[in-house]
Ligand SMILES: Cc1cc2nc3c(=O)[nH]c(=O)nc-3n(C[C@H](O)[C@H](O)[C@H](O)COP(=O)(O)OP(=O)(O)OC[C@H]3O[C@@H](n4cnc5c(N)ncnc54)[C@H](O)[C@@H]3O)c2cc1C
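The form predicted alone is given below as one chain in C-alpha cells.
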C-alpha cells in the first residue's frame, strides 16, 4: 500500500546518530508535528535536533487525506458543553491561527495548496447540525447550514466552513525538513531528565518534546489510558467528479471526500484498532455503485490517536516533568493540529504567553465515559489467554486479515506477519515470528 503522496516525490534522507551530542531542544519523532515544532523553534533561534526511529513522515503524515481545517466534525456544540465558552473559543481561534500560519508558510513552498470550503454533513440528524450552527454563532464564527451538497448520498444538510484548505503533505514536509538537523534510524530507547539515550549515542537537551504519534513513555501522563487508536481507509479513484470542496460525515464513522488533481479521495471504514473492520471493501462497494466510471489507482490506511474529549493533548508531558513536552491525540485532524502543536510547544519552551494553552493541557480532567471503555479494553485483553502478546503492555493481539497484521486492541500497536513493528506505542517488534499462530 502506497499513498498518492508517496508517488513521484523523494523526501530528503538523513544519517543515523553515531555520537553523543548536545542541543537546546530534542524533538523525538519526525512526522509533520515534530518537523514543524523543530522549524518554529529553530526560527526562534534555538538549537534543535529531530530524532526519528525510521524515515521522516513514515507514519500518519504520509497516510493522511491532507485537509487543513478548523472544522473537526460537529465538535463545537460538544466542546461548549464540556469546556464552556472561553475554552471552546480558544480551541477554534487556535486552529484558525494554525491554518493561517500554514497558509503563510505555503506562500514559499510549492505544495499544491488550495483554498477550499469544508463541509461536515449528516445523513439523518438535522437537530445536531442546528446545534452546531447555534454554537458557532455563539462563538462569533461565520458559517452556514447548506441543504444541498454534490455527493451521491441522501443527507439532511451540512455545516460549511469557508476559507479552509488542502495540500500535498509530503511536498510541504520535505521543504520544512531540508534545513533541519535530523537523525533518521535513531530510535530513542530511554528518556531521563535532560537526556535521551539512543542505540549509538546520547542526546543531552534542555528541553525534550515527544512527538511520536502515541507517547511511548508509560510511567507518566497515563496516555495509554487516556487514548485509543483508530484505523481508517482511503481509495484514490481516477476520473472522479470535481466536488469543489472537502466533505466528511458528522458521525465520524461515515465517508470523507476530497479531490487531488483528477483523483477523488474516498475515505472511511473507521474502526478501533484491533477490532473488526471492513477495510477497503466498503469503499470499493460504494465506488462501484456511485462512481461507476472511476478506477482505483491507490489504496492506503491511516491510524489516529483519539482522546477522551475530542481535543489534542499538547503541553507538559506531566506536571512532574517541567521540561518534557508531549504532542498527541489529533483525533483524525493532524495536519492543522500539527501546526497548532508546534506553536503551543514553542511558546511553552520560549516562555511566551499563549492564551490557548489551557484548552489543550494534557493534565485537564479525565472524567469522561471513554475512560471506562479504554480501561475495560485494557483489562479484557490483558486477561485474554492468547498469544502473541503486545510488548508494549502485554495485551493479547488480534489478527487483521485485511491488512495482514497483528493489532493491539488496547493501545493500537501493530505488527507485520514476521513480527516487525508497524505502529507504536510499542518500541520494538515481536520477539518471534508469529505468522504461524492461530488467526
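Bear in mind that the values here come from a model prediction, so they are computed numbers and not experimental data. Residue numbers count along the first chain shown, from 1.
Below: the form predicted in complex with the named molecule, not depicted.
> Give me the residue from 216, 83, 161, 325 that has a heavy atom within 4.5 Å of the named molecule in the model of the complex.
Checked against the cut-off, the match is 216.
> In the model of the complex, which of the listed residues (232, 88, 343, 155) lies with a heavy atom within 4.5 Å of the named molecule?
After the contact test, the surviving option is 232.
> 308 to 316, 325 to 333, 275 to 283, 201 to 209: which one contacts the named molecule in the model of the complex at 4.5 Å, heavy atom to heavy atom?
The contacting stretch here is 325 to 333.
> So, residue 187 and the named molecule: in the model of the complex, are they within 4.5 Å at any heavy atom pair?
Close contact exists here: in the model of the complex, residue 187 approaches the named molecule to within 4.5 Å, heavy atoms only.
> Just checking whether residue 59 would be counted as a contact of the named molecule in the model of the complex - the rule being heavy atoms within 4.5 angstroms.
Residue-level check for residue 59: yes, a contact with the named molecule.
> Using a 4.5 Å heavy atom cut-off, state whether residue 64 contacts the named molecule in the model of the complex.
Yes, residue 64 lies within 4.5 Å of the named molecule in the model of the complex.
> Is the gap between residue 132 and the named molecule in the model of the complex 4.5 Å or less for some heavy atom pair?
Looking in the model of the complex, residue contacts with the named molecule do not include residue 132, since no heavy atom lies within 4.5 Å.
> Using a 4.5 Å cut-off on heavy atoms, what residues in 290 to 310 are near the named molecule in the model of the complex?
302, 303, 304 sit within 4.5 Å of the partner.
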